[in-house]
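Take a look at this single chain in structure tokens; it is the form predicted on its own.
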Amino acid sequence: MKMNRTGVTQLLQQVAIEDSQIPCIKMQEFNAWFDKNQVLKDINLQFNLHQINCIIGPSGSGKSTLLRSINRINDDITSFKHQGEILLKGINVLADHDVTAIRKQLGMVFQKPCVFPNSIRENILFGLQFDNTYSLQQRQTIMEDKLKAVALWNEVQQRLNSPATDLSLGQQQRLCIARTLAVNPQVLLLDEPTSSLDPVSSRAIEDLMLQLKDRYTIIFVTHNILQAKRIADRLIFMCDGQVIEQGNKEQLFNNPAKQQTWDYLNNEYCNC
């Protein structure tokens, strides 16, 4: 039976898990295809609560497809099909639930900042525009809180009605993260969010993730090995649509179980 939006949200919130070693998301025997091309193969993964779970691997290894499968963005592609389960606190997000409600729990930020051609204020509150349960004062409070959370409030508080496109790329990316936070997700999915940014802006996003992980579970796709080394708690190495190895960051960097992992992390070479 299909759950309504409120039902999914309430059910997820009722599942109280606080141990950071307990997975917030589990992928079990997950496979994915575009037409006849299999892009993800027998994925068994876990992403832990209140940690930065970094996914690394060469281009074309399936990192972005995996992230978009969790958020169900791939559902919009007619050639996409899948098998297996993706469990958010034990609830299969691939089952016949309300997709909008699931996506509210799984906030997504993309490689390039995706701001709308509206004001900064309208961008932040975009996800709440059809929710009549919030008063004007509550919306103002949410906007201010989330802009402060991404260290953007002091930079924009005097120009909230200005176009978001006037912001720098680094500011736009932080605005996108604030917009995602405004709908109160449980998980942040970030698909190479610093790839189009300069080094200073990239470090600002990294610092932000380190601050936010106490409140959110973060899944962070990156091609930058040094970045993963700086911010990851848990590391997942993918190649050719498969998970080669996953575990504690120190374990994978210092004493990986697989030769392929050592080769990639040390020489940026992959022969999977």
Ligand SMILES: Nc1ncnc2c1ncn2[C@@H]1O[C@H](COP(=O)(O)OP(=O)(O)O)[C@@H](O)[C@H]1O
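These numbers come from a predicted model, not from an experiment. Note that residue numbering begins at 1 and tracks the sequence as displayed.
FYI, the form predicted together with the named molecule isn't displayed, but the following is about it.
Quiz item: Within a 4.5 Å heavy atom cut-off, is N224 in contact with the named molecule in the predicted bound form?
Solution: The answer is no: N224 has no heavy atom within 4.5 Å of the named molecule.
Practice problem: Consider S61 of the chain shown here, and say whether it contacts the named molecule in the predicted bound form, taking contact as heavy atoms within 4.5 Å. | Solution: Because a heavy atom of S61 falls inside 4.5 Å of the named molecule in the predicted bound form, the answer is yes.
Quiz item: According to a 4.5 angstroms non-hydrogen atom cut-off, is T65 in contact with the named molecule in the predicted bound form?
Solution: So T65 counts as contacting the named molecule.
Quiz item: With a 4.5 Å heavy atom cut-off, would you call A95 a contact of the named molecule in the predicted bound form?
Solution: It does not: once the named molecule is placed as it appears in the predicted bound form, A95 has no heavy atom within 4.5 Å of it.
Quiz item: V109, F116 and C176: each with a heavy atom within 4.5 Å of the named molecule in the predicted bound form?
Solution: No: none of V109, F116 and C176 comes within 4.5 Å of the named molecule in the predicted bound form.
Exercise. Work out which of I244, L45, M209, V39 lies within 4.5 Å of the named molecule in the predicted bound form, going by heavy atoms.
Key: Answer to the contact question: V39.
Exercise. Go through 212-220, 226-234, 52-60, 199-207 and give me the stretch that gets within 4.5 Å of the named molecule in the predicted bound form, heavy atoms only.
Key: Result for this chain: 52-60.
Exercise. Could you list the residues in 72-93 that come within 4.5 Å of the named molecule in the predicted bound form, counting only heavy atoms and keeping sequence order?
Key: Result: I77 alone.
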